[in-house]
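So here's one chain in two forms, each on its own in structure tokens, numbered structure 1 and structure 2.
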Structure 1
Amino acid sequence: MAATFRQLPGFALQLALTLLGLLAVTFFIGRVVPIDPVLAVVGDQAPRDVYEAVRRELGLDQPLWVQFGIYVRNVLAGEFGMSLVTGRPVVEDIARVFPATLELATFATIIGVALGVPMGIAGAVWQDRWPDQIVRVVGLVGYSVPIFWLGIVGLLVFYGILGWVQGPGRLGVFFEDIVPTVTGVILVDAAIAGEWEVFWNAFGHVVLPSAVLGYFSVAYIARMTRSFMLEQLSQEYVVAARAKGMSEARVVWVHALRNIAVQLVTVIALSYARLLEGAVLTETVFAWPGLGRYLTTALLAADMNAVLGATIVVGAVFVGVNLLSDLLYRLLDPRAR
């Protein structure tokens, strides 16, 4: 444990260098795309002197290395510029939409772990028997069916026909602006305010989109868990434990599962990071005001400040989750220290 904490400065340096590389990539993407940021601000009918004044104000008349330095300084200060679509600072827009994606991704990951891990273990224990066939079919469908089609069918059946869940959006129209924003996650804010009617309405809205996303997370986690568990169940220590008369449940759920815990942490972390980057199609189908939908709208409107700001957030999420999973790997597995 002490050795792991001594490595934290190295982790911090690695994080800083990775984020610097991310900033360099997003900076040069912003320079090579065929979109003039000055024209995006002033319009194509602006006089030449206005164009040049805005160009100087944005620092685009400076050498490229100076522009990169200004870009890094602004990002570190939390300044991503103004969004052309909303007319607000991009950092405010991201702070507004990211909690919605966080809420959706967290529910989907919980569903993926709660169902995917037991299904993967069952598939490995009963390899080539009917439980394993079910796990394979679930995985195959999860990787094959378009997520937008599954979302539309889910809305038609569970909202339109059965009425078991709420419709698109995060909250019903009559419940908007009742709960003060504390965290941005409506379920948490409603619980803090004691507005349980708002809470259950928000829960009814998040169930279906998180279930759709969670299904694909189940398919991925179950497949990886099955693969990891099959490898462990063929190891000599498992054969020895069975020969000593140890119960099958203890062999599987204590010894074998413990040895795949590190790998599972990495798989779950990467799955969560993918969902946090914004499930574009799911958020579009369910009119979910999250990061993926915000990024798509910005791309269609050629709003490069919003695109680059959201891209930096997505990259930072991946970097952070990867480094966190690496740290957990070292904490869980003494051999990695």
Structure 2
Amino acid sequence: MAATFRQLPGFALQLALTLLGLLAVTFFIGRVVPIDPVLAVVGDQAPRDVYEAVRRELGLDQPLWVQFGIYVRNVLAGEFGMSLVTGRPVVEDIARVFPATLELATFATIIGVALGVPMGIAGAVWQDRWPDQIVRVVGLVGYSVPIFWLGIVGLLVFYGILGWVQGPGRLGVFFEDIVPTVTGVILVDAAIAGEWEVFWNAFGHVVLPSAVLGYFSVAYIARMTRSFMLEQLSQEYVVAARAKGMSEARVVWVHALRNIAVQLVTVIALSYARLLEGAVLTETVFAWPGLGRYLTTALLAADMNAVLGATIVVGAVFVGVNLLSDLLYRLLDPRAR
């Protein structure tokens, strides 16, 4: 434990370096790639004085490294600039839309863990038999299917034909603005307010998009669980436990599972972060007002500040989760120290 804490400064340095690199990339995209970065920020309809003001604000009369310094300082202060589309600071916009994405990703991860872990274990226990084949097919389809298409087909079948779920969006028109915003996650807010009709409507809306998104996490988690489990089941302690006459269920669910628990936590954390990426397309299909949809709307309007702001946030979350799971791994698993 103490050794891990001694490594903390190293981790912090690594995190800072990676984040700086992240900013360097977004800086490069925002300032160097476009022919006129000012136009990219204000749009081609802007009046002359706005153009000049933004030009000075970006420090475009300064050398590139000074510009980068200004850029880093702004981002660290939480200033991503104004959004062209909404006319509000990008930071406020992101804070407003992020809970919706978080809600989606959380549900998807819950589905991914609830189905993926048992499936992976079944695949490992019955290796090369039918449960294993199912895991293989689910994985293969998960890596091959376009997520936006899966979403559209899901809407067609479960909303259009069967009518089991609600349509696109986060809440039906009649249910909007009933519950006060506390956390930004409608399900939680509705539960707090005790508005169960709103709760169930919101639930009907979130089920399909999170199932579509969750499918990818099921594919990934099942695949990883299977290979972790296979590794454990070939260990000698498993043979010893079986020789002792312990039931197979106990061997698998208690002894082996405990040994892969830490690795699993890392995989789950990574899949959670990867869902942010899938969310971009899923949110577009389901008109889900989250970060992904914010990003694509900004893209189509060539709203560079919003695009880069959202990119930085996603990148930072990604880096953070990666590092956190790494740290967790070292902290929880004595073998990794």
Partner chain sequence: MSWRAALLSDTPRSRQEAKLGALYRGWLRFRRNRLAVLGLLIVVALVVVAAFAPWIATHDPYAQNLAQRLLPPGSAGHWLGTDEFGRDIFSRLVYGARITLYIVVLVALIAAPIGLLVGTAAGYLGGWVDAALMRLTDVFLAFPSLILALAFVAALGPGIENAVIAIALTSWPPYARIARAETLTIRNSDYIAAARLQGAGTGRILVRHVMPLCVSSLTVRVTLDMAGIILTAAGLGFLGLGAQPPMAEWGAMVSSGRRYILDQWWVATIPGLAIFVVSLAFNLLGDGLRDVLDPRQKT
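What you are looking at is a predicted structure, and each value in this text was computed from that prediction instead of being measured. Under this definition, the rigid core comprises the largest set of C-alpha atoms superposing within 1.5 Å between the forms. Structure 1 provides the reference sequence; residues are numbered from 1 along it.
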Margin query: Which number belongs to the form predicted in complex with its partner chain, 1 or 2?
Written below: 2
Margin query: After core superposition, I'd like to know whether G290 moves between the two structures (criterion: C-alpha shift of 2 angstroms or more).
Written below: no
Checklist line | Cα displacement of L17 between the two structures, once the rigid core is superposed (Å) | finding: 5.7
Check: In Å, how far apart are the CA positions of V307 between the two structures with the rigid core superposed?
Finding: 2.4
